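The form predicted alone is given below as one chain in structure tokens.
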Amino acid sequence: MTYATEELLISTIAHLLDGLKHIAVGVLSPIPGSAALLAASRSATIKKVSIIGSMKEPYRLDGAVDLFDCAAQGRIDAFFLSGGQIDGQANVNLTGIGQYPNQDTRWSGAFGSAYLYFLVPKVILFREEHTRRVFVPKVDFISAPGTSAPNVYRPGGPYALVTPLCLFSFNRTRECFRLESIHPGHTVEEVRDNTGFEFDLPASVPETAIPDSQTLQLIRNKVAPIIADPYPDFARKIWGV
């Protein structure tokens, strides 16, 4: 079966969520949200998926307060973060470009990202643009730090980075990313050319597994109608829902 790039990313992220219990999804996250729903549809361990913006039970959240309370109580196993800039230490910039506070470009802000980065054990970074503009040697401003000093209490942090080109894992001990797989149609050289930071590289990099027919059926028939609630334009564009 043929598949869309978005379906490949959904399938790739879903594999990272196996064995968890509660997955939370923030705003502007149709692909991570779909991945969480896919993982839940085929996992007996996942008991809850919370999606900000969904009005469907049982996915509805009572706003950010509910999300933050759950994280503080240790009741969220995975969350997703993005950023205007991300560097090799998994620092995320959601604030703007240039020297703070006189920045050339200002974004909407962190909105509790650092808080969740510290508390959620498995934070998956995700960007639909893989360029040196996004993946920089060092972010201009650290809105949410990827690592902390050993004496800092931090049960949460980065686990992986998924882009349209590849999948990285994050080594918290070495404080760096490791290339785990290359998506079909792309190369290691392409990843290097479009990544501004250094990363670990295995001797042989496998190709990312494509979604099989059963996975695509789950995405299109079960996931799509649910994610269409908070993201109707996305569902209409990809699946015609």
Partner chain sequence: MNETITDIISLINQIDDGSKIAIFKDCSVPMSLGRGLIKRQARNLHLVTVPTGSFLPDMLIGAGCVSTIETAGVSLGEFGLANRFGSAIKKGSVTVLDATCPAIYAGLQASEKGIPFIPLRGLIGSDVLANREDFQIIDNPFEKDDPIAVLPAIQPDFTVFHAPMADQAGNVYLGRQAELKIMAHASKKTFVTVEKIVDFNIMDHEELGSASLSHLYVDGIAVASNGSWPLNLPGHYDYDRKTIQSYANAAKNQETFNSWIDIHLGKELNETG
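Positions refer to the first chain, counted from 1. Being a predicted model, the structure only gives us computed values, none of them experimental.
The following text describes the form predicted together with its partner chain, which does not appear among the structures shown.
Among the residues 64, 188, 201, 209, the one placing a heavy atom within 4.5 Å of its partner chain in the predicted bound form is 64.
Screening 160, 110, 165, 134 for any heavy atom within 4.5 Å of its partner chain in the predicted bound form leaves a single hit, 110. Contact annotation for the candidate site: 55, 115 and 143 all lie close to its partner chain in the predicted bound form (heavy atom within 4.5 Å). Contact annotation: residue 68 falls within 4.5 Å of its partner chain in the predicted bound form, judged by heavy atom distances. Although the partner is absent here, residue 28 is a contact residue: one of its heavy atoms lies within 4.5 angstroms of its partner chain in the predicted bound form. When contacts are judged by a 4.5 Å heavy atom cut-off, residue 75 does not count as touching its partner chain in the predicted bound form.
Looking at residue 85, you'd find every heavy atom of it more than 4.5 angstroms from its partner chain in the predicted bound form. With its partner chain omitted here, the record of contacts in the predicted bound form names 94-102 of 120-128, 167-175, 76-84, 94-102, defined by a heavy atom within 4.5 Å. With contact defined as any non-hydrogen atom lying within 4.5 angstroms of its partner chain in the predicted bound form, 233 is the only contacting residue in 209-233.
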